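Single chain ahead, by itself, as structure tokens, in the form predicted on its own.
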Amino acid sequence: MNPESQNPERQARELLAFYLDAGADALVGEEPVDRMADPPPPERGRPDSAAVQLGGSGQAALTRHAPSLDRRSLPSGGAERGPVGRSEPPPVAEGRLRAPASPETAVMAAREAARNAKTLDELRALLADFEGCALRATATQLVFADGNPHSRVMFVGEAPGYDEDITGRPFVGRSGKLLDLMLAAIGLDRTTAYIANVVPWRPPGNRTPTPQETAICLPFIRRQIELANPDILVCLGGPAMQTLLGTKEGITRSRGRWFPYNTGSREIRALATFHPAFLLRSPLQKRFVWRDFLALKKALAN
């Protein structure tokens, strides 16, 4: 047996790396908590002894000594009571888009918002204010893009992960470092490439975005590609390929092939290849990506 496999320290490091790849990147508590369960009913018992000693009924004494409610102590954005006891929603900031009532309405709102963006900066601002996707509420921040928007090649992945959620930049974690090495191998870097994701917010626990979440974000990434106007689009991974190129084939059969992609103003070439995160789990597949990147290098040279 390999002595390295019996090394407890090595096993612990590998286990932590597995948890990070699986999305378990935060310690919540030692005991599990069911946050969906109803709160327990208040205990019924004798009135508070201090209140009884103050005289009168326990309820009256508790009322006299209860702290006064200052409106300034209300949490920001919390609901306030109207004059008839009805819970009033907090006001919506000017320019913000309210969360649509259904996924279909959210997709329509996303299409309208994306259509109105005339520049990448406007598109980023619209995305930052867009409330039609529930991922916005659970993510730390928007992960819009990185690199040079005027470059000839644009890389698009599926969704940001933990490191991207913290920094606000796509592909900066372990898979991002591998992508940088892959770019350098064909003479590219983040000053000569533009990088983004189909979904610009991190799904909780690094889970896969739902079809509804992807459909809501799709108009924005399409508009982002149109405004960046690259000569070549590279889809990193099967989900990005299937979403942008409209194919149902798996990435194993489709990688290395060229597809036509209509940006809305012209038709460009699109290439599908494996996602760097997949290569971290399956290093033997790197030889196929190397072929894909050599084909990309040849296309850029022409």
Ligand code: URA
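The shown structure was predicted, so the numbers you read here are calculated from the model rather than taken from an experiment. In this text, residue numbers run from 1 along the sequence as written.
Keep in mind that the form predicted together with the named molecule is not shown, yet the notes after this line are about it.
Visitor: Though only this chain appears here, would Pro209 touch the named molecule in the predicted bound form if you measure heavy atom gaps against 4.5 Å?
Guide: Residue-level check for Pro209: no, no contact with the named molecule.
Visitor: Can any non-hydrogen atom of Ala159 be found within 4.5 angstroms of the named molecule in the predicted bound form?
Guide: Ala159: yes, in contact with the named molecule in the predicted bound form.
Visitor: State yes or no: in the predicted bound form, is some non-hydrogen atom of Pro230 no more than 4.5 angstroms from a non-hydrogen atom of the named molecule?
Guide: Looking in the predicted bound form, residue contacts with the named molecule do not include Pro230, since no heavy atom lies within 4.5 Å.
Visitor: With the partner left out here, check for me: in the predicted bound form, does some heavy atom of Pro170 sit within 4.5 Å of the named molecule?
Guide: Pro170: yes, in contact with the named molecule in the predicted bound form.
Visitor: Would you mind picking out the stretch of 108-116, 121-129, 210-218, 151-159 that comes within 4.5 angstroms of the named molecule in the predicted bound form, counting non-hydrogen atoms?
Guide: Going by heavy atoms within 4.5 Å, the stretch is 151-159.
Visitor: Which of the residues spanning 162-197 lie within 4.5 Å of the named molecule in the predicted bound form, based on heavy atoms?
Guide: Stretch hits, in order: Glu164, Pro170, Phe171, Ser175, Asn197.
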